[in-house]
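Single chain ahead, by itself, as C-alpha cells, in the form predicted alone.
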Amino acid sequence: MTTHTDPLDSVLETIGETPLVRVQASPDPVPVYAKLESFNPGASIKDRIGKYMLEQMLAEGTLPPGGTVIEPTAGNTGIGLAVAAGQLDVDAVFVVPERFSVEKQQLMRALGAEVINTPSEDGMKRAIDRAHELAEELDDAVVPQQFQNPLNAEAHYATTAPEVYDALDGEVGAIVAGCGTGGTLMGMAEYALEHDPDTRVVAVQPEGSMYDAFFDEEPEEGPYKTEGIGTHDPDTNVLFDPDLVDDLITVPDERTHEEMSRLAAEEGQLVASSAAANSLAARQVARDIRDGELDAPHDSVVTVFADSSERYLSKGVYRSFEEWEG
C-alpha cells in the first residue's frame, strides 16, 4: 500500500500498491489471498486502468492534450477515468445504462464528468454504440473502450500482477477472477503464465452470464444481480482469450449474496458482489488443490476484491436476497 511517510504530488500516485489480504475462510494448506482494490482513491480496481490508459494514450498521441474521453461504462471505469482525467487536464463523458449504481453515477459527476444514460434493457451494447456516436460529434474525442482496448489488460499485467508476485515471492498457484471486460484476468493470467505455465487460471461469472460461449458451450442466458462481471453479449468481450483459461466457474446470485454478508460479518470485508463471487470461486479452487483434484505449482490462490459494498447500499446488498436489486 502507498506509504504514508512520503508526501505525494497527486492522487494519481496513490493508485495501486493495494493490500493483499488472506480470505480467512480459505483452507489452511492452500490460502486464498485477495487484492483489496477499494484502497485506490476512486475506491475500485478500475482506477488502475483509468490512469494507465489515459497516460498511455496521451503519450502515444491517440488522445490529444485537452481532448475528451467518452466511455461506455457501468460505473467504476468511469470513476477511474474521471479521477485520472481531472489530473491530466482531459474532459470526460460517460455513457451508462440506467440500472447501474446511482452512487457511481453521482461520483462520476462529482469528479467533473458528464454522464449520459441509456435504457437498461438495451444493455452495454447500446451504451457502446452511443459513445461512438458522441465521439463522432466532437473534435479531439476518443473512446478508450475498455471492452476492446488492449491497454485494459496491459494495466493489470504491468501493475496488479507484479504486486501480487512481489508480495508472495512469486509463489502463486492459481489466479481466479471474475470477468466483465476480462481485462483483469487476462492481464494477470499473461503475467502468471510467463512466470510459470502451470499456473491455474480460472474465470468467474454469475449464473445467467454467457461466457460459456467462449468454450463452445451453449449457455442459458438469464438476468443476474451480480454487478461488474458477466456478459450478455460475448461479441463485446474481445479481450477475453479462452486459451489462457483453464476453467470457468459460475456462481448463482443467491450464493454471492450470502457470501457478501459473510465476508462483512466474519472477516470485516465490506466488499461488493463481484468480490463475493470471486471469494467463493477462489475458495473452491483452493479446496480442489488441497484435495488433489487440481494441480498447481504452488499452494496458494489469488483473487481480487474489486470494490466496496458501500457503492451499492442503495440496491439493498445487505438486505434480504429478494430485496437486493440487480
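In this text, all values refer to a predicted model and were calculated from it rather than measured experimentally. Numbering starts at 1 and follows the sequence shown.
Separately, the form predicted in complex with a small molecule exists; it is not shown, and the next lines address it.
Interface residue among Pro72, Gly173, Pro206, Gly182, judged by heavy atoms within 4.5 Å of the small molecule in the predicted bound form: Gly182.
Across the options 5-13, 301-309, 314-322, 20-28, residues that bring heavy atoms within 4.5 Å of the small molecule in the predicted bound form belong to 301-309. Although the partner is absent here, Gly178 is a contact residue: one of its heavy atoms lies within 4.5 angstroms of the small molecule in the predicted bound form. Contact annotation for Ile229: at least one heavy atom lies within 4.5 Å of the small molecule in the predicted bound form. Within 4.5 Å of some heavy atom of the small molecule in the predicted bound form lies at least one heavy atom of Asn76.
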